[in-house]
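Quick setup: the structure tokens below cover two forms of a single protein chain, split into structure 1 and structure 2.
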Structure 1
Amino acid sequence: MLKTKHLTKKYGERFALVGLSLDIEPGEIFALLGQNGAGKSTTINCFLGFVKPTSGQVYVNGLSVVDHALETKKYLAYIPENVMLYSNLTGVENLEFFSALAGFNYTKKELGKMLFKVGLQISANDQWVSTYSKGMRQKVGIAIAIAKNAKALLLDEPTSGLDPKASNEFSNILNELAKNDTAILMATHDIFRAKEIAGRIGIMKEGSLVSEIKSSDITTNELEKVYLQTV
């Protein structure tokens, strides 16, 4: 579902990605670990078509992102590290707006249900987003992604700023989505969270995937050790 082949991105003389090859199947959760600047976000931006690869290919659902920039976005949902919304619209209005852009017209009731599902307190639904905390905005961002019914989900540090309970709820949502055959690519710093929900874990360094581990083959402590050795 999400696939790259020898993906390379050069900014001037600096390599952000070097020959990266990934293949994430429907229903699979893949976690990308790595330090800041390792190329995790660049990878996600390549899938979104916001970064044009210097060489190599990016495919979403078998379509090349470079050639089908608008169409491939239909299969993707994206949650940034810091979900920013329109501050003088309410949570429901923001969700309504973004899902309408993706071509979905939900009723107020359905929108409310989605926000409830991601754990936003009901009283916040009709408040302006300017009154929201970072965690609350993040939840709306998750709802926006869910509302799109996408075949693939791209997450850039999605749980940063979420409290442990919300973070746990989020893991449950991801598992549920994966059960329904959504391919999930998650860039994260959180080794514990990665081990818990991802099926496969890739560790990136300076634009390359240096190791790829099945999470069932390793304990959290071992994963931490591998991570620290690699980076």
Structure 2
Amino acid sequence: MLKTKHLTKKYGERFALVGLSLDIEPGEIFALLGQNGAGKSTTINCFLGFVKPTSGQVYVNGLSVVDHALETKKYLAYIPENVMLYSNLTGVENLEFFSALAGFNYTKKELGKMLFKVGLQISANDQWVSTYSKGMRQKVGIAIAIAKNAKALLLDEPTSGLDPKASNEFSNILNELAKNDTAILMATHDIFRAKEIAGRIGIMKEGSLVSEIKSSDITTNELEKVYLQTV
């Protein structure tokens, strides 16, 4: 569902990505670990078509992002560190607006069910998003992905700033999406959540994937040691 082949991005004399090759299947959660500037966000932006590769290929559902920029976006949903919603609209109104942009027309009841599915309190559906916590905004973001019927979810530092309860709820939602064959790529600094959620973990340094590990083959402490030795 998400694939790169020898993906390279260069800004002047600086390499942001160097020969990156990834292959993420439907139903798989893949976590990218790395320090700031390691290339995690650039990778996500290449999938979104916001950044054009210097060389190499990037694919979504078998389609080249460079050659089919608009079509590949139909398969994707993106949740940045801070989910951008309209503060003067309610949760339901935001969900209705963004799903309509994607070409879907849902009833209020259907929209409410989607928000309930991602764990948003029913009482919050009709509250202004300006009153929402970060965790609540992320839940609306995931509901938008569900409404779009997104086949792949791209996450950039999704658990940053979340309290443990909200972070755990977020993890559970991602696992449910993966069970429904959504491919998930998560860029994060959170070693614990990467180990808990992802089936595979990649560690990036200076634009390169320097280590790839199956979560089942390593403990959290061992992963932390590998990460610190790598970066």
Partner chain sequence: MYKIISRKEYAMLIRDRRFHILATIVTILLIVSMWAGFSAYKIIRNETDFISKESRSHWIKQGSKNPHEAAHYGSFVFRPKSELSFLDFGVTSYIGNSIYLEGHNHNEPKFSQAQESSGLIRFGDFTVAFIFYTLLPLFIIFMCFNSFTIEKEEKTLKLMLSQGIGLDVIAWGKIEGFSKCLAWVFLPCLLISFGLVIIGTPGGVSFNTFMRLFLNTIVFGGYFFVFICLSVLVSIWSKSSRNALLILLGVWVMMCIIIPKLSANLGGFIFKAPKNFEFTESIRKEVLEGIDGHHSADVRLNKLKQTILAEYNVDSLSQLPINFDAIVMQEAEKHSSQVYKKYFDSLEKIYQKQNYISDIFSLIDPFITVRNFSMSLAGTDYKTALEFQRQAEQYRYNMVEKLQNHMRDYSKTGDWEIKVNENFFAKIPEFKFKKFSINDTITQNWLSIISLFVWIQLCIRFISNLKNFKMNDL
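Residue numbering: structure 1 sequence, from 1. From a predicted model like this one, the values you see are computed outputs, not experimental measurements. Rigid core: the largest C-alpha set superposing within 1.5 Å between the two forms.
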Review point. Is the form predicted on its own structure 1 or structure 2?
Key: 2
Review point. Can we say the CA of residue 132 moves by at least 2 Å between structures 1 and 2 when the core is superposed?
Key: yes
Check your understanding: Quick one: once the rigid core is lined up, does residue 74 have its C-alpha move by 2 Å or more between structures 1 and 2?
Key -> no
Point to revise | Rigid core fit then residue 118 CA moved by 2 Å or more between structures 1 and 2 | key: yes
